[in-house]
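Just the one chain here, laid out as structure tokens, in the form predicted on its own.
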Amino acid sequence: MPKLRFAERDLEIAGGATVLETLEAAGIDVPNSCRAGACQSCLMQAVAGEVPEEARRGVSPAKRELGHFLACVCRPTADLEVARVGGSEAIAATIAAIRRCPGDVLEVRLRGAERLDYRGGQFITLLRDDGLARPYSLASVGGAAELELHVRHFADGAMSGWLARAAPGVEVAIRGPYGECFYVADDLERPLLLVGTGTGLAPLYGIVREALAAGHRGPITLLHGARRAADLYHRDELAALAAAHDNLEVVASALDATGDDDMTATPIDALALERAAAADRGALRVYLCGAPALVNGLRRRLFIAGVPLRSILADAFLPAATGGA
């Protein structure tokens, strides 16, 4: 009889019961509604073991990559260890390095007390010892020894101002990872379009490097935009990446660009629509990151232009509710 492991408890799976039924029988509450695999309110994450395909039907490719499955229709035939989706304990970390980049952007590198299992493009919550917390996207790739964050420095920013003054060795904590905006290697020939403004480059930087490391062969276009040319950062790193991979094109866009600049003054949303129109929109996968107005507006316009909504992954950067960034 297979066993179900949850929160350091080993439970017997009796008579072909589902994961949901087994947990409920043990007095463990799991959100659920339809109990038929339709509403997805009972999503859980497989930590170890095999999940029957029936329990993954209708689950998005990104969620599948994270091990998510439907507990209400999952009938394990072998031992399975599961966890709640989104449940995350704080992990101790230290600031390894901070580098100031153009555009008042801080490249912050963290080293965790334990290795974080994540994908480039997801995000974490960074916590100070006084409880202040801010979400930041991961620009590093999964498996890297250090986590890389790109933080816009605001003079009155509660977290960013503190980070600008912090020294290597300062202790912090992190929670996560969260989010589904990351590379999925389901079709290595698929065209990819990545569009970001400001520090929206952070998740895209992680995503594009994971795609290239996975051997992605389809065309990859990364568009990075800003109001001012001076606010575009990591240009040398992106240029080196494009020079090393024939299928990667990087385009910088700034409204004040001149003919002498190695960039364009064409607005980034117009560039994105132009590139999408020239691609196979049925196969295209789009990643949008940055200001909410751009992300939400461009997602709608790309959908109207023929890109399926399921193929548009977005991460809108919302401002901190209180205390500044």
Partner chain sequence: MSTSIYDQIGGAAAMDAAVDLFYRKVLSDDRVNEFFDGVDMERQAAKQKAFLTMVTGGPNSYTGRNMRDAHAKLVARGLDDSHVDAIIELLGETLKELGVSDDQIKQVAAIAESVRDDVLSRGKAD
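Residue numbers count along the first chain shown, from 1. Everything numeric here is computed off the predicted structure, so don't read it as measured data. For the two forms, the rigid core is made up of the largest set of C-alpha atoms that agree within 1.5 Å on superposition.
Not on display, but discussed next: the form predicted together with its partner chain.
Just one of 272-280, 296-304, 23-31, 44-52 has residues with a heavy atom within 4.5 Å of its partner chain in the predicted bound form, so point it out. Flagged stretch: 296-304.
Looking at the partner-bound form in the predicted bound form, is Gln40 within 4.5 Å of its partner chain by any heavy atom?
Gln40 belongs to the contact set for its partner chain.
- request: State yes or no: in the predicted bound form, is some non-hydrogen atom of Pro308 no more than 4.5 angstroms from a non-hydrogen atom of its partner chain?
  value: So Pro308 counts as contacting its partner chain.
- Message: So in the predicted bound form, is its partner chain close enough to Glu107 to count as touching (4.5 Å, heavy atoms)?
- Response: Residue-level check for Glu107: no, no contact with its partner chain.
**Item:** Heavy atom of Glu180 within 4.5 Å of its partner chain in the predicted bound form
**Value:** Heavy-atom contact with its partner chain at 4.5 Å: present for Glu180.
Query raised in the report: Taking the rigid core as reference, does the Cα of Arg35 move 2 Å or more between this form and the one not shown?
Result: Passes the 2 Å threshold, so yes.
| said: For a quick test of reading the superposition: does Arg56 move by 2 Å or more at the CA between this form and the one not shown, rigid core aligned? | reply: Yes.
Threshold 2 Å Cα movement between this form and the one not shown at Ile312, rigid core reference: No.
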